[in-house]
Ligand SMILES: Cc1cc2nc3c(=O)[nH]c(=O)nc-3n(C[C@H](O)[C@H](O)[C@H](O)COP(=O)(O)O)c2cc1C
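Take a look at this single chain in structure tokens; it is the form predicted on its own.
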Amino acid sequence: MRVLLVNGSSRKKGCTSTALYEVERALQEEEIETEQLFIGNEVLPDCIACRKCKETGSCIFHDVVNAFVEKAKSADGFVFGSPVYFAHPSGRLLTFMDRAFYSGGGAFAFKPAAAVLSARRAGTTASFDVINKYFTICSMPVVSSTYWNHVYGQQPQEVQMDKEGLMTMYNIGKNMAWMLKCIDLGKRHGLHHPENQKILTNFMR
């Protein structure tokens, strides 16, 4: 089993990465394979609603998003981490997730996922809610912990002092590992995910 941990910060080794490493440590203790992905700090095009991905199966912008979706197809779980900017996840991560989930939503369905936030002081719960919405629109089980999934600190060394926050990250990893093993056990006993209905409407009809 394999979990992809996505670092949506512009800093490769910042507070968000510190939180993700603690989740990763717990997963590895449970013999879950992990890969932490830094989406980078280069210019990342936003979704332009061209819908070409519905024809080709991939986004027209051939960058880190398409590479991630390919990895996601064979992954079993996900953790998306972000710093908090103005009570919101980073614009970089949201651009990344908009394109990944729109062009490759099938790669995520029925796979457990967790959101992880880092902040100096506040805005984490609002940001937590934003990221979780990607999961719930794709039939993904949301992995919880023993508190809301965030750490506090302006620098990595301050995050290391947030013992409750680090405990929360560690427990995310343990809970995700347990969920992945339960899903795998179910599959091996013939229990598969449901086939969901798909009906699209709008408010005009």
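In this text the structure is predicted, and so the values were computed from the model without any measurement. Residue indices: 1-based, along the sequence shown.
Keep in mind that the form predicted together with the ligand is missing from the display, and what follows is about it.
Annotated contacts: 36, 71 and 107 are all free of the ligand in the predicted complex [non-hydrogen atom within 4.5 angstroms].
In the predicted complex, none of the heavy atoms of residue 23 sits within 4.5 Å of a heavy atom of the ligand. In the predicted complex, at least one heavy atom of residue 120 sits within 4.5 Å of a heavy atom of the ligand.
Contact annotation for residue 141: none of its heavy atoms lies within 4.5 Å of the ligand in the predicted complex. Residue contact with the ligand in the predicted complex: residue 11 places a heavy atom within 4.5 Å of it.
The partner is not drawn, yet in the predicted complex one stretch among 85 to 93, 71 to 79, 98 to 106, 129 to 137 has residues with heavy atoms inside 4.5 Å of the ligand: 85 to 93. No residues of 165 to 188 lie near the ligand in the predicted complex, the criterion being any heavy atom within 4.5 Å.
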